[in-house]
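To begin, one chain is listed below as structure tokens, in the form predicted alone.
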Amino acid sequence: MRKILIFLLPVFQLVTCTQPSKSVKTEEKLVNVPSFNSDSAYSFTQKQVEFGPRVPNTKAHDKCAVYLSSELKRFGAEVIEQKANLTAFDGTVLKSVNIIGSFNPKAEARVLLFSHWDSRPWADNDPKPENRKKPVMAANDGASGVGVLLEMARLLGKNSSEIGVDIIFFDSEDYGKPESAGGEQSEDSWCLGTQYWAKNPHIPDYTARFGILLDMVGAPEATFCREQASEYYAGNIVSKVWSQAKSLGFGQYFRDEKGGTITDDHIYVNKIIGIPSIDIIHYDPNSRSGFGTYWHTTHDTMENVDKNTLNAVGTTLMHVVYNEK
């Protein structure tokens, strides 16, 4: 992701997290929510990184696509590989594939969960000029969100939810135009796979109650603010997720504070296909970019992924999904 308009957030102190319960009482009945396994999510994240940078048109990218698709199939999802040749800002044709896994596919009521799985081709934010043409390993910026969703897919395959759930891994998200390329910047040079899917959904007239994007959800002691485009398009969904996180003891991750406005995959899901969608994205007040000092550098590696953060995000979303009627 490319982002950022300004985050308006004070620096805050983190507090100790309490352990979440495994069930939540609704007005009607006690809902049993499968326990999210952060070790498993971490392993799914690490496996992607082991392929190397997943830059479109590379062998690592091709191998990771096979892995992601086969894992969703192994967990019982109906899988569609949406392949497309997408043109980057510089004219490069990117052989892209959006990987879509559907659970409880016959259910009319659906929820959409998504993340990008590709890596940025250039570490253009790296402090060392000699590294800025190297690809990004994308452990947090990409792999962490996919890792959480793969663990959710594993659990959904064993424990059906009342509603249908569609998990999409979007491709060619991070091939946006770098500032060093000069000329006018274009937000639409990012999120190419998402834009393509939103204009060409895998099912005609596809819709969902809401969508949730996971972007950079693995950093140690990460903080997630109420991103303002999410508030504009789907403020009720932001409140739903943040309230659920707080009730589970994850309030120090999901801060009930105003964030900035970010150009990310959820923008196109909102604007093009009209599914109200939000972005769960890490904000780091101590970095110049707001996304962590390792963002779009050669240092976005596994030391920037923490099991406690994966657990906070994954457990929260499991409760959101399984309490949806």
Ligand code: AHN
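Here the structure is a predicted model, which is why all the values come from computation and not from measurement. Counting begins at 1, following the sequence as shown.
Note that the form predicted in complex with the ligand isn't included here; everything after this is about it.
- At a distance of at most 4.5 angstroms from the ligand in the model of the complex, all three residues Asp174, Met216 and Trp295 contribute at least one non-hydrogen atom.
- Residues with any non-hydrogen atom within 4.5 angstroms of the ligand in the model of the complex fall in just one of 33 to 41, 66 to 74, 255 to 263, 46 to 54: 255 to 263.
- A heavy atom within 4.5 Å of the ligand in the model of the complex is found for one listed residue only; from Glu187, Glu78, Glu81, Glu162, this is Glu187.
- The shortest heavy atom separation between Phe291 and the ligand in the model of the complex is within 4.5 Å.
- Taking the ligand as it sits in the model of the complex, the stretch 135 to 150 comes within 4.5 angstroms of it through a non-hydrogen atom at just one residue, Asp141.
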